[in-house]
Ligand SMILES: NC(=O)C1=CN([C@@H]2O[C@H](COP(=O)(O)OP(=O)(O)OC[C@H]3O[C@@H](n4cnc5c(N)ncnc54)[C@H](O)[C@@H]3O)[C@@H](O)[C@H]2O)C=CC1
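Starting off, we have a lone chain in the form predicted on its own, written out as structure tokens.
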Amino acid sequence: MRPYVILNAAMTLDGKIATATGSSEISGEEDLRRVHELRRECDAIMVGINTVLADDPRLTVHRVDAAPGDNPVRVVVDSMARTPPHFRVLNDEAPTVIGVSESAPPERVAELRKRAEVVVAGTRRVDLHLLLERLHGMGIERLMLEGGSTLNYSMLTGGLVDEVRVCIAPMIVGGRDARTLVDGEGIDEMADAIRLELKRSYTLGEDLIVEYTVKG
């Protein structure tokens, strides 16, 4: 058993979620409110360690009306326990779960345990299937995945995503080193691509929102 997972992201028309320098201000104000409404509806929000290190995010509900109890549990996939103890994801605004591997340095794991619940899953890298199973055991039934691109790839190819919701902004940035919605090793044959079914699409301000279910 695992939570129902919704991958949510904002990207430019050419599929970039950030420039090569890390700039990622893509969504319009209306979409930012949509994102925070979705956060409020979910039990947890998951990001990878690269997103944490790049953005120092709060991962809370703060762009729409919300009570402190509306904040989802924050989940960080952090194989080597690199989350800095002073970062905002470890503040007291919401509970935090850090998924680490057995290879994480014990002293860093011990430091994180002072501020978050640490789940050890996997030998060298976090075993995402096992982590999601543990999260489900904690009562998390609906999880919002906010990437980045490497974690998106791992979750999708692992069959761990149920829905994909993407804000497409009317912007083009290009760049071979810019982050795309999904990176990773990639799939060799188009016939093996992960298939989606369109649920709905609509405009929100200047942005286009598309929502898909992932075919089994």
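Values in this document were obtained by computation on a predicted structure and should not be read as measured data. A residue's number is simply how far along the shown sequence it sits, counting from 1.
Same protein, other form: the form predicted in complex with the named molecule, not shown, and the subject of what follows.
Enquirer: Taking heavy atoms only, is S79 within 4.5 angstroms of the named molecule in the predicted bound form?
Expert: Contact check for S79: yes, within 4.5 Å of the named molecule in the predicted bound form.
Enquirer: With heavy atoms only and a cut-off of 4.5 Å, decide whether A66 touches the named molecule in the predicted bound form.
Expert: No, A66 is distant from the partner.
Enquirer: Determine whether any heavy atom of L128 comes within 4.5 Å of a heavy atom of the named molecule in the predicted bound form, and answer yes or no.
Expert: Contact check for L128: yes, within 4.5 Å of the named molecule in the predicted bound form.
Enquirer: Quick one: is V161 in contact with the named molecule in the predicted bound form, heavy atoms, 4.5 Å cut-off?
Expert: V161 lies outside the contact set for the named molecule.
Enquirer: Indicate whether the candidate residues P3, V75 and L132 are all in contact with the named molecule in the predicted bound form, with contact defined as any heavy atom within 4.5 Å.
Expert: Verified in the predicted bound form; spot residues all out of contact, no.
Enquirer: Out of E30, D55, E37, D70, which one falls within 4.5 Å of the named molecule in the predicted bound form, going by heavy atoms?
Expert: Looking at E30, D55, E37, D70 one by one, just D55 meets the 4.5 Å heavy-atom criterion.
Enquirer: Within 4.5 Å of the named molecule in the predicted bound form, which residues of 35 to 51 have a heavy atom? Give them in sequence order, or say none.
Expert: Those in contact are G48, I49, N50, T51.
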